[in-house]
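Take a look at this single chain, the form predicted on its own, given in structure tokens.
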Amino acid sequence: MVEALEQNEIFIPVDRLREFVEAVFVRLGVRPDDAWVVADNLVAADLRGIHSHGVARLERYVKGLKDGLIKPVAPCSVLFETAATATLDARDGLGQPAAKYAMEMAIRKASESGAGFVAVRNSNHYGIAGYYAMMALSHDMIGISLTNSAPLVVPTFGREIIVGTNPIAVAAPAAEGERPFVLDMATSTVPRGKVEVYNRKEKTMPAGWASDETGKSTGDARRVLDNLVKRRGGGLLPLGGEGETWGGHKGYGMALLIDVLTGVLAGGAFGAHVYEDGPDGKPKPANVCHLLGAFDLKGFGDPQAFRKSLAQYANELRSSAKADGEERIFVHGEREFEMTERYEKSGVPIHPKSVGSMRFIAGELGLPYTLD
């Protein structure tokens, strides 16, 4: 889902932004190749309009590295492996390099076995899920990317945050001239960042986004955020909202499924144990878990026939009858590809608070600030 910036955004050239973010990670002891992957992932999020996962998160990564909760150098180790599967230990390193390594392994296994799946444990936040799913596209493969995350979501009929926003991404290649299908979504109704936007604007949230300490839907963004910080009950609602009327139990089920296929499958943390505090009340390493997968189209028939059929389907969707007052039907990924093309020309729009944060980080680390 494309997220709207608030106002007064500052446009920064793509290469300059990526180089600055990369330099921050290198200064913190991250290997240059890994630093580039993290920077590329964060900038890709902003290019695709997913600003909650872009450079706005840089400060959190910097803090994790400085506090020792994220290790700057932590090559993945293989814990278990077959021809088509593997489980990796990310050893508390950055999530982006670990996930990229796992996806590359999954693609290699798929090229040899038809499909490949690699689970990762002891990792950290890996940015936008679609980044890794899209790695499969150039190999005539369908890519899948799943991760669990910090508990922010209440289960259906519950009032305690136990489940993460647990995103899923799937990317599939289409025929030449048609954009790939790229689904990249969380399993909560909205991310926490949207609640924060409504709080800053002092606006009432739509019903079904979040619940209060009683477990019932509320439009009071400040109340929800305060309750999340103080663990007083309530939180984000699963995709579909409160209860079962609009399918909230289905979003809840999807979130649980992703936790099963990541944390449980990888032998790592799941549910409330992701980003869990230790007995002393201090944060422990996050132990975020991922699953990266790839299907080789050749294992199912003619890749070109698949691409052609997907392009046909996309065109039929776009040309179907529009609802009153609507001008366009989108296929997943279209908006993000179009936004990326615009921002590559105009520069990446960054919120002034994020620009200020990057300026502060540069000063703190003794780096030249190059984004003006």
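Quick note: we count residues from 1 along the sequence shown, nothing fancier. Just so it is clear, the structure is predicted and the values come from calculations on it, not from any experiment.
Unshown form predicted together with a further copy of the same chain; subsequent notes refer to it.
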*Within 4.5 Å of a further copy of the same chain in the model of the complex, heavy atoms considered, which of Ala84, Ala150, Leu225, Leu137?*
Ala84
_Give me the residue from Met105, Ile168, Ala74, Val195 that has a heavy atom within 4.5 Å of a further copy of the same chain in the model of the complex._
Ile168
*Any non-hydrogen atom of Ser320 within 4.5 angstroms of a further copy of the same chain in the model of the complex*: yes
_Partner proximity in the model of the complex: Glu316 to a further copy of the same chain, non-hydrogen atom cutoff 4.5 Å_ = yes
*Taking heavy atoms only, is Asn199 within 4.5 angstroms of a further copy of the same chain in the model of the complex?*
no
*Might Tyr343 be said to contact a further copy of the same chain in the model of the complex, defining contact as any heavy atom within 4.5 Å?*
no
*Name the stretch, out of 206-214, 281-289, 124-132, 96-104, where some heavy atom lies within 4.5 Å of a further copy of the same chain in the model of the complex.*
206-214
*Every residue in His51, Ala175 and Pro349 with a non-hydrogen atom within 4.5 Å of a further copy of the same chain in the model of the complex?*
no
*asked:* Suppose contact means any heavy atom within 4.5 Å; which members of 169-186 contact a further copy of the same chain in the model of the complex?
replied: Val170, Ala172, Phe181, Leu183, Met185, Ala186
